[in-house]
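One chain follows as C-alpha cells, the form predicted on its own.
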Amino acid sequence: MGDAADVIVVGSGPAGVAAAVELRRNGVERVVLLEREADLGGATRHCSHSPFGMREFGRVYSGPAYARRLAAEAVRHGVTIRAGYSVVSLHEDARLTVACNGVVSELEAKRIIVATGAREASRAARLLPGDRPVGVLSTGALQSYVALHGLMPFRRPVILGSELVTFSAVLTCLRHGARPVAVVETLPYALARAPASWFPGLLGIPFFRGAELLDIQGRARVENIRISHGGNLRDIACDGVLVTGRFLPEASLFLNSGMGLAQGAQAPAIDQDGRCANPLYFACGNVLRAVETGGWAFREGRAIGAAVARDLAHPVAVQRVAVEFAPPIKLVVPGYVRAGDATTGALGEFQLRFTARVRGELSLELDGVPVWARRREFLPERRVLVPMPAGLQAAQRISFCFREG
C-alpha cells in the first residue's frame, strides 16, 4: 500500500466519511478510509427510505442514494479508499492488522480514527423465548434483504421495539409489500419521540405498549406469537418477527487493545476531541454510544476530523479528568475531559443517556460546585445534551448528579 498514512479512518458510514473528508479539507495529505464491505455508506446503504442528507448536503436522499453521495464526497476530496479491508486488531503504535481477500498485513499511520458504528442486539442477546423457526430477523438483516437482494422475507410480521429504527422498519415493510400486524414494546411508553411514535396508529397498526413477549411459535417458519398485555394473554398470527433497536456499539476492536471501554457505554472512552486513552487513536459516530441518526454521526465525524487535523499540526499533552456519574445515568460522552487546555474541543456538549424513566434534577458539578442543573422527566435512551461550561478544563473533579423528586 505504499508509505504510512497520515490518518487511517476505520469505517465508511456517515461519521467515517465525514471525518476523512474534513481531514482532507484541513490539508492532511494522506488520508486512507478502510471499509470491510465492497461499498461505502455503512448501514445507510440498506435503508431504502428517506430522509437522509438534508443538513449535510441541502437535499433529501434515500439511504442508498445518501451512501452513494458519501462515497462521491470521499472520492472528490482525494480520500484513498480501501474497500474489502477488515481490521483484525489495533496496536499501541497506531498500527493496524488487517485482512483483505484472505491476505493478512499491517498498515501504519500517525493517527487512527475508529468509526465502526453500531449493531442491533440479536435474538439470542435478548433471550427471547419460543421456537426457533425461520422468520426472526433484525432490522439490519431485513434492510439487507430488501436493498441488496430485492427480497421481502415475510408479509405479515410482528415488530418488536419502539425506537426510531422500529418505525424505519415499519416504513421499509410497507414500501416493499409487507404490512406489519402489530408493534410490541415491553415498556409502557414508546422510546422514540412523537411524531414517530404515532406512526403505527396512524396506519391502523396495533401498537401494544407494556406488553411481554411470552412465546414465538412455528415449525418451518413463524406462525404466531403470544404476548401478555394488560393482564391478558393475546395470540397474534404472523409470518415473521422483526427485532428492532437495543443497539450496541461495534467496539470489539477496543476490547483487546488495552484502551478499555467507557463506563456504562460498552464503547471507547474519549475526551472532548474524540481522543481515546491511547492519544494516537480517536473515535466518532455510533461506536461511541448507540445509536444516533446518520446526520448526527456525520456532524460529529466532521468535528472530530477537524480535531485530528489540529492534533497533527499541534500535538497536545494529554492529562485527563474522568467524568463521574452513577445510575440512573447510563453513560456520558465524552467520558473524560482534557485538563489544562483552553482551546474549544470538537464536542461542545456532553451527551447523556438514562437507564430508566425518572423524574428529578440532573446537575453538573465542577469541584463540588453546581454549574448547571435541569429538573424534568428523563426517558431511557433519549439523548440529553448538557453544554460544556467555562472553567471545565481547570476542574479537578467533574461530576453529573441526579436527585429524584
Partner chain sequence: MLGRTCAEDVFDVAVIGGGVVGCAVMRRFALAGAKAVLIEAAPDILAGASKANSAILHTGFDAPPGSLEWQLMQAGYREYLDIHAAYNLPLLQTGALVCAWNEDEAARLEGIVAQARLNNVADVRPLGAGVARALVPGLSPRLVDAVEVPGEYVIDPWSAPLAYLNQAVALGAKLLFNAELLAGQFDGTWQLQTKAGAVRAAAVVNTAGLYGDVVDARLGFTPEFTIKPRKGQFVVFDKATARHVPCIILPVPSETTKGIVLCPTAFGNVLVGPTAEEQEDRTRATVEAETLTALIRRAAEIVPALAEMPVTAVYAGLRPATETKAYRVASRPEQRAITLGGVRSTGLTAALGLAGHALSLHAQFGTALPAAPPVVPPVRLPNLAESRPRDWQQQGCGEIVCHCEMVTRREIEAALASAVPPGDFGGLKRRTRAGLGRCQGFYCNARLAAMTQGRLRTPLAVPAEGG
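Everything numeric in this text was worked out from a predicted model, so none of it was measured. Residue numbers count along the first chain shown, from 1.
One more form of this protein should be noted, the form predicted together with its partner chain, which is absent from this view; the next part is about it.
Asker: Is A211 close to its partner chain in the predicted bound form, meaning a heavy atom pair under 4.5 Å apart or at it?
Answerer: Heavy-atom contact with its partner chain at 4.5 Å: absent for A211.
Asker: Using the partner position in the predicted bound form, report whether F199 sits within 4.5 Å of its partner chain, counting heavy atoms only.
Answerer: Contact with its partner chain, no.
Asker: Against its partner chain in the predicted bound form, would R36 count as a contact residue? Criterion: heavy atoms within 4.5 Å.
Answerer: R36: yes, in contact with its partner chain in the predicted bound form.
Asker: Would T186 sit within 4.5 Å of its partner chain in the predicted bound form, counting heavy atoms only?
Answerer: Output for T186 is no: heavy atoms all beyond 4.5 Å of its partner chain.
Asker: Which of D235, D215, E223, E108 has a heavy atom within 4.5 Å of its partner chain in the predicted bound form?
Answerer: Checked against the cut-off, the match is D215.
Asker: Which of A326, V103, A194, A317 has a heavy atom within 4.5 Å of its partner chain in the predicted bound form?
Answerer: Contact check passes for V103.
Asker: Taking A125, G130 and S138 as a possible spot, do all three reach its partner chain in the predicted bound form with a heavy atom inside 4.5 Å?
Answerer: Every listed residue reaches its partner chain in the predicted bound form, so yes.
Asker: Among 252-260, 71-79, 295-303, 274-282, which stretch has residues whose heavy atoms lie within 4.5 Å of its partner chain in the predicted bound form?
Answerer: Heavy-atom contact with the partner occurs in 252-260.
Asker: Which of the residues spanning 136-163 lie within 4.5 Å of its partner chain in the predicted bound form, based on heavy atoms?
Answerer: Residues within 4.5 Å: L137, S138, G140, A141, S144, Y145, H149, L151, M152, P153, F154, R155.
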